[in-house]
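Just one chain is shown here, as structure tokens, and it is the form predicted alone.
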Amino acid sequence: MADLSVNLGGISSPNPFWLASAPPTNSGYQVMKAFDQGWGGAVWKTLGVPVVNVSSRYGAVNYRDIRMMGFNNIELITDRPLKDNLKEIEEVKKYFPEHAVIASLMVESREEWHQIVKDVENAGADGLELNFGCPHGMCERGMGSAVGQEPNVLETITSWVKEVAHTPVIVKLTPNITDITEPALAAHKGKADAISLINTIQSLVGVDIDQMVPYPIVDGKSTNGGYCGPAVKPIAQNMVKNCAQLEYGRLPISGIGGIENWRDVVEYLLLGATNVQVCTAVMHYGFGIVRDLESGLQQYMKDKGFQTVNEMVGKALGNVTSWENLNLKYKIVAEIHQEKCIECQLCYTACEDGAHQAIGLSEKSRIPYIIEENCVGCNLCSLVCPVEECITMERRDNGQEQITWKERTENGTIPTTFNDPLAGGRDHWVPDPKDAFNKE
């Protein structure tokens, strides 16, 4: 079997599956139960000055028959005394010495940071995660994302922690920012050992249209919360990719956001994460999902010939480029496999109204057909089709030619006008793309 052990910035664990800092890691009982079922690490629910949390706390976005496709919470950090958490951290490490226990922390002053770092390290924590991502409640008090959105402040507080820390320091980044690489570089300047991302996205998940109050409702009022779950995975993966592609200042990455199955885990690893953290899926399905994560990852590694997790990290990054470097000569068109078609005509409607009018309907049959000269290979028809492999995208170029937008603009081969057949053949002016690419 492949070796699933990983090391994130100096923190070792028997596998890459960690629990994220959240309600599933609120107590020693929960963390030990998770470790017993196979989780390799856990980031303890954020410690600091205990708060009084509200009721209710959660809201969700359901899509058709998919429950909790998106998940929103307005819960804050721990509501339990620090001494109780420290005692339980010590107890967990006693029974599970090989598993990673990371203390998530959030306080204000330099003195408070120094003290809480010493406290959790004395309790046996293997590492620290600085929570600079919480998008509600704590940011209004100058913590959480209020720090994560200010790279200079993030760097300063990280350096405070590094003054006294003897264990590795992970900085948890907020996605509520224009460029995720700025706080990532600030974490590097502050001497952090790793970063984790993403924390939750500031959000409202819906409104009770009778009471006229957003969810979740707290005595007739509500507030923005943190959005997570499967719906945020594309956003999270793009940000992980951006941090993994840094040429200078790159730190090891713990990937977080929408992970529910082993394929999600593999995707994060291929995009540059060393390990992953999971929260919403556990709140939905329980700790037992780790068995599927492990078996699926093991089988994938066997099929692809990977002996260690580290061999997978970042393997997809070389295939991620900017738009102007894509091959403009690559050509695919849709093909409808009539024997699989159920005659729903969703593809026709989608293409006719939402795309390029490249699908027609026969007078003799309800089965649509492709008008190949109009097809631009956008994939929309295959995405809306409810039958697997009924519509496939087939390559039509010769596979030999390659030219990019950047090459064409640099060579001056892109015309400034084009002939638009849908506009009666009139020439339409196109801004010179060199103006965009040649700006400093």
Partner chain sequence: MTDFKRPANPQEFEENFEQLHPIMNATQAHYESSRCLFCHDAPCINACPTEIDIPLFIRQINTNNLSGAAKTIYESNWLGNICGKVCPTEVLCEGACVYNHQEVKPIEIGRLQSYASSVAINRNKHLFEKALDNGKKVAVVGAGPAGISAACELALLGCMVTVYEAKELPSGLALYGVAPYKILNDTVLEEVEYLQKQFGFHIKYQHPLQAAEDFEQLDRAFDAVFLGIGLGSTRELQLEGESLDGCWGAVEFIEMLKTLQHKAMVGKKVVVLGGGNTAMDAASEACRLGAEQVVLAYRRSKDEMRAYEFEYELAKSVGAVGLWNVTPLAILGEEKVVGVLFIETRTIDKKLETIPGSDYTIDCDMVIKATGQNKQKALVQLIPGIQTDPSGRILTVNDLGQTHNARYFTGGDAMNGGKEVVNAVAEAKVAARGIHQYLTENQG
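Numbering follows the first chain given and starts at 1. Bear in mind the structure is a predicted one, so any value in this text is a computation, not a measurement.
Unshown form predicted in complex with the partner chain; subsequent notes refer to it.
Taken together, the three residues Ile342, Leu361 and Val387 all come within 4.5 Å of the partner chain in the model of the complex, as judged by their closest heavy atom.
Between the partner chain and the residues Leu346, Leu270, Val213, Ala146, the one pair within 4.5 Å by heavy atoms in the model of the complex involves Leu346. Proximity to the partner chain in the model of the complex, defined as a heavy atom within 4.5 Å, singles out one entry of Lys302, Arg366, Lys87, His337, which is Arg366. Using a 4.5 angstroms threshold between heavy atoms, Glu373 stays clear of the partner chain in the model of the complex. Residues within 4.5 angstroms of the partner chain in the model of the complex, judged by any non-hydrogen atom, belong to 59 to 67 and to none of the other stretches in 402 to 410, 59 to 67, 375 to 383, 36 to 44.
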